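Quick setup: one chain, the form predicted alone, written in structure tokens, and binding and motion questions come after.
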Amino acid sequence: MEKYQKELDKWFKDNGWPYWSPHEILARLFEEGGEFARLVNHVYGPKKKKLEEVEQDVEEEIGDIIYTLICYANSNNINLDDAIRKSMDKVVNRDAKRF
């Protein structure tokens, strides 16, 4: 993730763009999460897509969520490699004999 964090940060700096505030990024994250949820519901749930709705791609929607998380992490000096490592270690240890 460090590679993408650096790439995005360079792009923002090269263009002179500030990151949004944490509140704005959180709102964007929930918006993107909602688009992902809607798509999953269209594919696997009872609510099928209307013919006039734009075609969506699961991979792209997940990418939008990751992009938004990178923006949040960069604006708050969070290393996403460290963050995912902590989460993975926690889950692996906590759930070692759970399932």
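Everything numeric here is computed off the predicted structure, so don't read it as measured data. Position 1 is the first residue in the sequence shown; the rest follow in order.
Only in words, not in the display: the form predicted in complex with another copy of the chain, which the text now covers.
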Do H23 and another copy of the chain come within 4.5 Å of each other in the model of the complex, heavy atoms counted?
yes
Touches another copy of the chain in the model of the complex: K90 (any heavy atom, 4.5 Å)
yes
Would K13 sit within 4.5 Å of another copy of the chain in the model of the complex, counting heavy atoms only?
no
For the heavy atom contacts within 4.5 Å of another copy of the chain in the model of the complex, list the residues of 1 to 34 involved, in sequence order.
M1, Y4, E7, L8, W11, W17, W20, P22, H23, E24, L26, A27, R28, L29, F30, E31, G33, G34
